[in-house]
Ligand code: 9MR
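Below you will find one chain, with nothing else, as structure tokens; this is the form predicted alone, and questions on how it binds or moves follow later.
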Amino acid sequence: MALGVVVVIAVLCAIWVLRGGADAEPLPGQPLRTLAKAKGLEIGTAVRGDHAKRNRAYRQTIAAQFSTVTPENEMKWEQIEPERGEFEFGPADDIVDRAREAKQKIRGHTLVWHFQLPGWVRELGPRELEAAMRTHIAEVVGHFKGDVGVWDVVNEPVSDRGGLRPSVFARRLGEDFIALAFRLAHRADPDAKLYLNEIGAEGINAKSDRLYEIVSRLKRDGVPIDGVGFQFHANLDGLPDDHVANLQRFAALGLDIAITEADVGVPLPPDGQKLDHQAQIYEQIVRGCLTVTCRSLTFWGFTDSRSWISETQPGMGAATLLTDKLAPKPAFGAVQRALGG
């Protein structure tokens, strides 16, 4: 092959990569965002900004299928304020800009969490930690005011046994750090909806009982909390039988309910039987959400090529609605059917 032809092919390949590769193949049936809108539900996904930049098909699928997006990592404290007082908004701004173009809402995730914290936060004493919280929340919520309409203000504050998780915030400031975070977020953006987000509290258990006590107290004390997010990281064991009753008791407090991080992990390798079972669980999640009139339902990723399950849980994976090639799995059709498609 002539050198000139090789150079031309290399240039064309480079352009193709820079533009994000191939277009997404259209998915069958009506888009999830269209079906969900007819039910009065926002349907969303967690997104990874670096992959959205590089992969056009990934971007197109997000825009076509979902009405809300949640930055998976780009708004977490470790990413956005790695050094004290030095804020890096660029990656999160990119996600916000793309969402605006696609007429999508943004869920901010998350302001105060014990994990993915920069080391400097863990070293602070009580007075300095409170000062850092005040600055961080004011700067981050203020920066995205008008763009981010919903915030997961505090993430996972309850331990599995029903106590307060022994985070740096709980150890230094006690349970009052939760109310303080909500008041600071409300001060920074009075129009944003503010949620407490929790994992492992889908059913009625020690954790959800303590969560119920916490949010009841926040409501009673006039703390500006609007809703509770339930994560629904499930596997083929299925959902707790009482998950709908659990969500309903929180709704009865006058709080909005959201499912914020849904996925269903499968033992590898997946086969037809496992994927059909997974689809049934996804359908349960959607139907339960509709039963309690959730405000929103967010999947924690939508393609098996980008899922925290396969990246952090050895032997598990295939947890999302689409294959790593963005082809529909049985779960995708099940979600469509549950939404009335």
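What you see is a predicted model; the values in this text were computed from it and never measured. Residue numbers here begin at 1 and follow the sequence given.
Missing here is the form predicted in complex with the named molecule; even so, the following discussion is about that form.
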The named molecule in the predicted bound form: contacted by all of Phe89, His143 and Asp189, heavy atom 4.5 Å: no
Scan Arg210, Arg98, Lys76, His136 and let me know which has any heavy atom within 4.5 Å of the named molecule in the predicted bound form. Lys76
In the predicted bound form, does Phe250 come within 4.5 Å of the named molecule, counting heavy atoms only? no
Against the named molecule in the predicted bound form, would Arg48 count as a contact residue? Criterion: heavy atoms within 4.5 Å. yes
Can you tell me if Asn155 lies within 4.5 angstroms of the named molecule in the predicted bound form, counting non-hydrogen atoms only? yes
Is Gln231 near the named molecule? Define near as a heavy atom within 4.5 Å, in the predicted bound form. yes
Name the stretch, out of 271 to 279, 37 to 45, 66 to 74, 24 to 32, where some heavy atom lies within 4.5 Å of the named molecule in the predicted bound form. 66 to 74
Going through 253 to 291 from first to last, which residues have a non-hydrogen atom within 4.5 Å of the named molecule in the predicted bound form? Glu261
